[in-house]
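Next up: a single chain in structure tokens, the form predicted on its own.
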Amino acid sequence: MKTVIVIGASGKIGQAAMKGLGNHRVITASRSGEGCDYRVDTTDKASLRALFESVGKFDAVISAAGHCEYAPFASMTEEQWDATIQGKLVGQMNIVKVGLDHIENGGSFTLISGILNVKPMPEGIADATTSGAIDTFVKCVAYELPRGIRINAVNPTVIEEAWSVYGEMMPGYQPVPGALVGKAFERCVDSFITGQVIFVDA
């Protein structure tokens, strides 16, 4: 049994991720903290450090967190770009950077990207750009992590449980069951792969 921290556990992807972690001790965290064990702000390294120190020993971190703004490129504001870059990209990089000082030898990080960097949709430019950056970050930083620590990313399409929220924005996309996304997270935590992007798409 591993101790796994799931950041963004209160969201739809976080809930999906936990479907594959039944054999492990799961610690939950989110920005609001509602319904979770801890509250954490991934854009604040001190907040992440406090989380990891409070948990103590842990073997894996799953990130299902990352706020994105949606708007046409021509009208997207600097504030919207910054919110997405900090929330989805920098925040997840912070998880890895700070987490390296606390995670057990041979541990793993699993980040979340998203299908829009390979299947773009209108008004999804910020999400697509940061998702592509996360996929690249994972592929490259895997070569630099010490102590046998692994890192991967799950790149899912929209899940069935969130279709009511995103369906109108994504005509022609086929949602997948959250349990299938959970299997991808399970593989990242329990296998030996590293530097991989696991696509979950129909």
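Heads up: residue numbers just count along the shown sequence, starting at 1. For clarity, every value in this text was computed on a predicted model and none was experimentally measured.
Only in words, not in the display: the form predicted together with another copy of the chain, which the text now covers.
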Counting heavy atoms only and using a 4.5 Å cut-off, do G20, I27 and I62 all touch another copy of the chain in the predicted complex? no
Does P72 make contact with another copy of the chain in the predicted complex, using a 4.5 Å heavy atom cut-off? yes
Would I112 show up as a contact with another copy of the chain in the predicted complex if we use heavy atoms at 4.5 Å? no
Does another copy of the chain come within 4.5 Å of any heavy atom of G132 in the predicted complex? yes
Indicate whether another copy of the chain has at least one heavy atom within 4.5 Å of a heavy atom of S54 in the predicted complex. no
Name the stretch: of 33 to 41, 140 to 148, 54 to 62, 162 to 170, exactly one has residues whose heavy atoms fall within 4.5 Å of another copy of the chain in the predicted complex. 140 to 148
Just give me the residues of 21 to 50, first to last, that have a heavy atom within 4.5 Å of another copy of the chain in the predicted complex. K45
